[in-house]
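Encoded as structure tokens, the following chain is the form predicted on its own, with no partner shown.
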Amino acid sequence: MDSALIPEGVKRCPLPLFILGVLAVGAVLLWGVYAMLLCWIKGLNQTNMNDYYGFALWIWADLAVIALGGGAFFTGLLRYLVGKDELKNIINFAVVIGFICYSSALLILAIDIGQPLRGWFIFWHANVHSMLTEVAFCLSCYFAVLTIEFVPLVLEQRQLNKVTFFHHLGHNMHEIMAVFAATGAFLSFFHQGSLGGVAGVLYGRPFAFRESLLVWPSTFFLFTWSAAACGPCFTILVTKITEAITRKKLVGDPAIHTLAKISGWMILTYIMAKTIDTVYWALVTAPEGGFTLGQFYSHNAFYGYWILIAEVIVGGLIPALILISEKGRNNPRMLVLAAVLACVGISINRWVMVLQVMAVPVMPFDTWQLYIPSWQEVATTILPVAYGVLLIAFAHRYLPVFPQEKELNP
């Protein structure tokens, strides 16, 4: 039965070994589900949120997975609209990763609401003056687009593809996929940007507040740019991890190197824009509000200057230089190192914009506030990781995710 579901011409690990792995990851998943149910049944008193930290650890995870999932819309944009044909060998996996990231983001938001049965309020009683309303609408719509992009891959499953209706439906959906790629890029531009815009308009939080470009604060563009730059690195990293676990070459080098090169230049230009933005904020915006740069960093070791260096240089400039170098991206270890650093860099950026914003004292009587998440927050933050591992495992085993697998593993 199991062998009949596996794509033709490829080999998979024995079923008992696969089940053992699923059970191990499933135990982690159940731990997260238990914590999630505690938050829903007993309330958000299960978290360590307080008057200072209105955003829990999972909101950082939410913004991080949305940024890392940016590889789906940007790879689709390059494949279907720019015409990078070599990316056809990795676009399926990019969609799977994007689907995981965005469904995880919606799951995290459902936990954050505390009362998920009222989740529809945001659509029915929309606050049209809030950027988060735009985020919620675009996020939901883009997840629908990702689902539509994911469906043809499911319909190509070996047994489903034998059904004539499903076969033709999947084929026809592939033919119009450029429309959904363009729609996804449009929606991503606004929800990624608005997430950054939320931080940039916080007048009472001078660490995050930025001047406007057109009608948006500069963080609007930096968030979109960084997601498009670092999202492909996450796609490359997960591909390499999958190859290491399966001990197979799954995607050809041309696709990986094209994605890595474009990502490298995107990261480099993003870091240049980020540096200009930071310098202007430090020399003009913050002083006009009565603050000096030292007040945002030097009085607290946990949020010292090292975090700025880690984000901009270690997690930005270094991976960018590696990826734009042909020698760097052709070296497998350097390629993986660059992908890891880029993912860490973008995660630090979201950490800073979510949690350091609230840690910095803004009143004369305030002090630095440190945040230690509860175990329920940690478990619910790990929950999407376990879910993602399981979905990738099942997709790799039963769906034709990697069109080059048979060719690369004769």
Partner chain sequence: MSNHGKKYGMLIDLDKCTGCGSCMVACMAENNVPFKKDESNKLVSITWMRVYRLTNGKPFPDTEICYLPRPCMQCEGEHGHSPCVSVCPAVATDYDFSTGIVSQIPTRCFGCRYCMAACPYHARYFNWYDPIWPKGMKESLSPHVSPRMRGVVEKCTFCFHRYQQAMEKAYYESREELEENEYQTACTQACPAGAIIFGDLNNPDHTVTRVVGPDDAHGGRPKNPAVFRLLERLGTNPKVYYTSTREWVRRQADNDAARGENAGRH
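Keep in mind that what you see is a predicted model, and the values were worked out from it rather than measured. Residue numbers count along the first chain shown, from 1.
Just so it is clear, the following notes concern the form predicted in complex with the partner chain, a form of the same protein that is not shown.
Note that among 356-364, 340-348, 63-71, 23-31, the stretch whose heavy atoms approach the partner chain to within 4.5 Å in the predicted bound form is 356-364. By the criterion of a heavy atom within 4.5 Å, Tyr280 is excluded from the residues contacting the partner chain in the predicted bound form. Using a 4.5 angstroms limit between non-hydrogen atoms, Thr246 is distant from the partner chain in the predicted bound form.
The partner chain is not drawn, but in the predicted bound form it has a heavy atom within 4.5 Å of His129.
Taking the partner from elsewhere, Gly83 is found to have every heavy atom lying beyond 4.5 Å of the partner chain in the predicted bound form.
Scanning Lys88, His125, His168, Lys327 against the partner chain in the predicted bound form with a 4.5 Å heavy atom cut-off leaves one residue, His125.
Proximity to the partner chain in the predicted bound form, defined as a heavy atom within 4.5 Å, holds among Thr133, Ser140, Thr183, Gln157 only for Thr133. Contact check at 4.5 Å (heavy atoms) against the partner chain in the predicted bound form: all three of Tyr52, Arg118 and Phe121 pass. Heavy atoms closer than or equal to 4.5 Å to the partner chain in the predicted bound form belong, across 201-215, to the residues Val201, Leu202, Tyr203, Gly204, Arg205, Pro206, ordered by sequence position.
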